[in-house]
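Next up: just one chain, as structure tokens, the form predicted alone.
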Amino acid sequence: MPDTRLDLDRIRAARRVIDPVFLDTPLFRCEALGRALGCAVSIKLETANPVRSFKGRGTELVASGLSEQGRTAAVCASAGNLGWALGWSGRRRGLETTVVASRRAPAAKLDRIRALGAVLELVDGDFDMARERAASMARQRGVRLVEDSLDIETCEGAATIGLELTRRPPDFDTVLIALGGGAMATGVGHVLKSLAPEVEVICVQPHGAPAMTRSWHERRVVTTDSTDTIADGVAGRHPIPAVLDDLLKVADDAVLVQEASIVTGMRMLMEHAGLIVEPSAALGVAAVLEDPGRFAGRHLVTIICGSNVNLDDYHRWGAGRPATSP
């Protein structure tokens, strides 16, 4: 079992806390996508829930803990999905939720946060600037700052995906995981390396937001001055040292992919699996497109982590056009 901040017993216990609406998401073989990519492909569909992303697993643990402590408020920075999930989990437990986001965040995500009754504050700049503002607000108000990936609940909530993947002896040999802050990668990776160590864990990030991938390869925190990618959900500039330490122990590889491959991956998921996804969810398919020889003859699982995408952007990127082959 890898020596990380995560604990397998706590992850198992998390399933009793998380609303079942987020658990046991579909896992199915997509033969059409596999034929197009030249390998066997199974999809773990983390968008089949009320917030359309995996983030609800972690926010359920956060909100439950705050409620047990008698706390009534929380603030977070979000590219959109975490804020929506925290708003959903917080509303069920009577928590006042404040979300700080970039003005450049997809309008669809911001609208859904507002619809839950959360307080939404927009800042100029990117996610890391939103994170700085959220931290300042939490200090001033004396409320809980929810930090995705740093807070262990977000990682162990995401890790329950790994428990579902390993419910039976896996017939797959590779799992492709979108890499942003690292909650899903470290969580799922921890479970896989504990229960199915023969499965290769590959993290995928855009060339336009490479900080965590570069950090993994150099085994030290590497920051970037800016990001330039349509995959807003993974576009951080400042990796968290403790999360990187965990990632180094559970990831077998971390790769970067081009924007064009992300768009093609989105098109292929729509055409071959009937899924409209946000760019971050297509990173796994993009990795296969860029290195088909590596995956030929293998059986991989790609985790579809979110489907919160503005449809105008989706069509503007060209993701709605047919893509019959890589």
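Owing to the predicted nature of the structure, the values given are computational and were not obtained by experimental measurement. For every residue, the number given is its place in the sequence shown, counted from 1.
Just so it is clear, the following notes concern the form predicted in complex with a further copy of the same chain, a form of the same protein that is not shown.
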Does the 4.5 Å heavy atom contact test between residue 315 and a further copy of the same chain in the predicted bound form come out positive? yes
4.5 Å heavy atom contact, residue 88 to a further copy of the same chain in the predicted bound form: yes
Should residue 290 be counted as a contact of a further copy of the same chain in the predicted bound form, where contact means heavy atoms within 4.5 Å? no
Touches a further copy of the same chain in the predicted bound form: residue 144 (any heavy atom, 4.5 Å): no
What stretch, of 295-303, 66-74, 257-265, 31-39, brings heavy atoms to within 4.5 Å of a further copy of the same chain in the predicted bound form? 31-39
Contacts from 269-289 to a further copy of the same chain in the predicted bound form (any heavy atom within 4.5 Å), listed N to C, are 270, 271, 272, 273, 274, 275, 276
